[in-house]
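In the form predicted on its own, a lone chain appears below as structure tokens.
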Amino acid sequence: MTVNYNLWAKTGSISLPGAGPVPFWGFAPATEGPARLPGPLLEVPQGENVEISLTNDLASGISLVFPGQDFVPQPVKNPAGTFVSYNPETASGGTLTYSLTVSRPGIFLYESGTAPEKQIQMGLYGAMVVRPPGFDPGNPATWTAYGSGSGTDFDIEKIMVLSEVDTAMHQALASGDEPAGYKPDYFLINGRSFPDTLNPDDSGPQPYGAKVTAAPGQRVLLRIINAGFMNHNIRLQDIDARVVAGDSRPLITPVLDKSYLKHTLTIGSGQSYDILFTAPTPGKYVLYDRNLNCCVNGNNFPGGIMTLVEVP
């Protein structure tokens, strides 16, 4: 069986609190739809072949890579021997299909392998969730991140993609100029900065909310992956969550439990963690970046990487 996805790389504009429209480059799930930040969530069963047809509506070539999967990129060099891309490029105006077999469950990034220091910052990234055998989205009894015996059964799943935005860099690259450096001034969960992280999902260019709502006693799985360039220290205030996987490597097996409790977790660039907790007594619990300079919008606090776990 082959799972097929179509993506369109496009220009777009995002809204950030206290800033005017910020240009970005992103992936759209349809030719007539807006680019999204992050790109559309891809969900595939473990062991299946995945084919992603990428149409490039940007002015320069782009490519796709899939860190963490058994995917061997094919680096491209120009005739002079200078590195161009980690994988064959989709030329401007063209379409190219990328194929891989997803070998293990977990949460992974897909992102541009061309000029990643620019194109990933501009928004050419998204998350891919690989489901273990037996997972049925219509049957909550099968909801587990890594399969039977992994200790990752859940009632509620929330995917959180961390990143940063350097608005001056975005403006420069969108105008065809070279950026002066890298100095992010906005910090995002799922493409949004607090308080926008609390808004519900929608159909716009930043469609994914980051607020978690759970009833007392429900098992909540947070799947946090860092698409940014900085480390982020994520704290879940007044809740001790159990780390059940790191970089999509489960820590619990039928013979050994290496999971551990944490209330603050450092997530490096490109890393992911799955953390699990049981929703406590009713209240509002803050999830935020303990690097408090990442909890601002521009220079204004509060903002940035901050959201709520609400237990009504």
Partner chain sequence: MAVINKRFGATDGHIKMPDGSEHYIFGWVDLTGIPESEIFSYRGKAQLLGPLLEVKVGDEVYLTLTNLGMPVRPDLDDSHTVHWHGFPNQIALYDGVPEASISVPVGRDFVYYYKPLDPGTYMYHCHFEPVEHIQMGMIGPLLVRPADYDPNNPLYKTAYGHGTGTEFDREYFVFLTELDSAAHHQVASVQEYDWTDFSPDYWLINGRSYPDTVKSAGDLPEQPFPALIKANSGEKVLLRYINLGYQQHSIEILGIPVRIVGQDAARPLGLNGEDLAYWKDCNYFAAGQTLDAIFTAPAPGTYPVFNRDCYKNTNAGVTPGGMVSEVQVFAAGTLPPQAGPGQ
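Numbering follows the first chain given and starts at 1. What you see is a predicted model; the values in this text were computed from it and never measured.
One more form of this protein, predicted in complex with the partner chain, exists but is not displayed; see below.
In the model of the complex, every residue of the candidate spot (69, 73 and 249) has a heavy atom lying within 4.5 Å of the partner chain. Screening 202 to 210, 94 to 102, 148 to 156, 114 to 122 for residues having heavy atoms within 4.5 Å of the partner chain in the model of the complex returns a single hit, 114 to 122. The closest heavy atom approach of residue 129 to the partner chain in the model of the complex falls outside 4.5 Å.
Contact check for residue 81: a heavy atom falls within 4.5 Å of the partner chain in the model of the complex.
Not displayed here, the partner chain is kept clear of residue 142 by more than 4.5 Å at the level of heavy atoms in the model of the complex. Although the partner is absent here, residue 182 lies within 4.5 Å of the partner chain in the model of the complex, judged by heavy atoms. In the model of the complex, the residues of 244 to 274 lying within 4.5 Å of the partner chain by at least one heavy atom are, in order, 246, 247, 249, 256, 258, 266, 268, 269, 270, 271, 273.
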